[in-house]
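Two forms of the same protein chain are encoded below as structure tokens; each is given separately, as structure 1 and structure 2.
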Structure 1
């Protein structure tokens, strides 16, 4: 009997202690934020959606190589020999047309490795974190400054250039071979 009432006393007293704590908490300012209306401040280095400043990219491919999830797609075309693409804002000479720079933000793991290796600091993480979209296609961000048509044209130009070079090389090689053969023949003849 004693233990029965003892139990009741203990239960009530322990509830009273807990309730006392919660009662005190009622007079403290709230710690919650009404999210869509109120935002918290993000620190300077916050990692959000990636952004690439297309004017500064030199197409060095470092970000593609370091990305652990392979979410960056980069295609670059060599500039023509007589073309001057200027310099990036950090002074690095640009020698390539970056015809494709796409980031699949749904694959991105926000590790920020790509921003640390970028030599021109043109790739960085913004403080935007709300990237919910209705279609999976919209999670792929295009950063290249070339339109598809321009890009195709540049790519074809490079292809032609390459083919021309290859032809020249072949012709050179063939000529060399011919010369060598001629020499060999003459040697045999002698």
Structure 2
């Protein structure tokens, strides 16, 4: 008989506890966020969309090598010896033209590894997190400061410079071989 009334007491007390929670929640202000009009304030270290400051990039390729999902594409062309590209904001000299710097945000896993290895801190995570697009092509962000025509001209100039250096190297090698042959003939004739 005691267990019967004990069960009734436990049932009524649990109902009272549950109803108390219901009444508290009924008069508490709502925490629902009306998303398009209101947005959450993100924490300080939140990882959002990647951004690259093209003026500070030195084309060192560290971000490309450390990216675990290969979502960063970088092409750089060496500057001419007489060309001064200035310095990055951290004081690093810029020795290359960064003709292509693309980030495929659909591949990005938001690990932030690329931002930690960047010596000029030109690559960083923003607090933007809305990057929904209608086309897959719109998910690739382009950060180059050169137009496609300028990029082609810079590549062509680099190719011509490389060919000129190769011709000079071949000419020096041929001259050394000729000099070695001349010494060999004079040693045989003596």
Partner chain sequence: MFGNLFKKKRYIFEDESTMVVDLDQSAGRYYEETMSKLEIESYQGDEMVVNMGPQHPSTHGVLRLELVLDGEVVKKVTPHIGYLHRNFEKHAESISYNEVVPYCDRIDYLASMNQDLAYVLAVEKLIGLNELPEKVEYARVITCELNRIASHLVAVGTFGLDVGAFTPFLWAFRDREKILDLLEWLSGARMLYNYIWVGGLARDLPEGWLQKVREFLDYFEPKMVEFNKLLTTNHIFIERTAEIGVMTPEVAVSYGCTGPVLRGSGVKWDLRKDEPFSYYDKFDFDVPVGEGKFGPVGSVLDRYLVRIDEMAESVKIIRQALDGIEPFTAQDVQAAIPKRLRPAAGAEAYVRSETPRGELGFLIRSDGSDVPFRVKSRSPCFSNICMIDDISRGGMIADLVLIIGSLDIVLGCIDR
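Take the two forms, superpose them, and find the largest set of C-alpha atoms that agree within 1.5 Å; that set is the rigid core. Positions refer to the first chain, counted from 1. Every value quoted in this text rests on a predicted model; they were computed, and no experiment measured them.
- Structure 1, not structure 2, is the form predicted together with the partner chain.
- With the core held fixed between structure 1 and structure 2, residue 169 has its Cα displaced by under 2 Å.
- Taking the core as reference, the Cα of residue 9 moves 9.4 angstrom between structure 1 and structure 2.
- Core fit done between structure 1 and structure 2; CA of residue 19 shifted by 3.8 Å.
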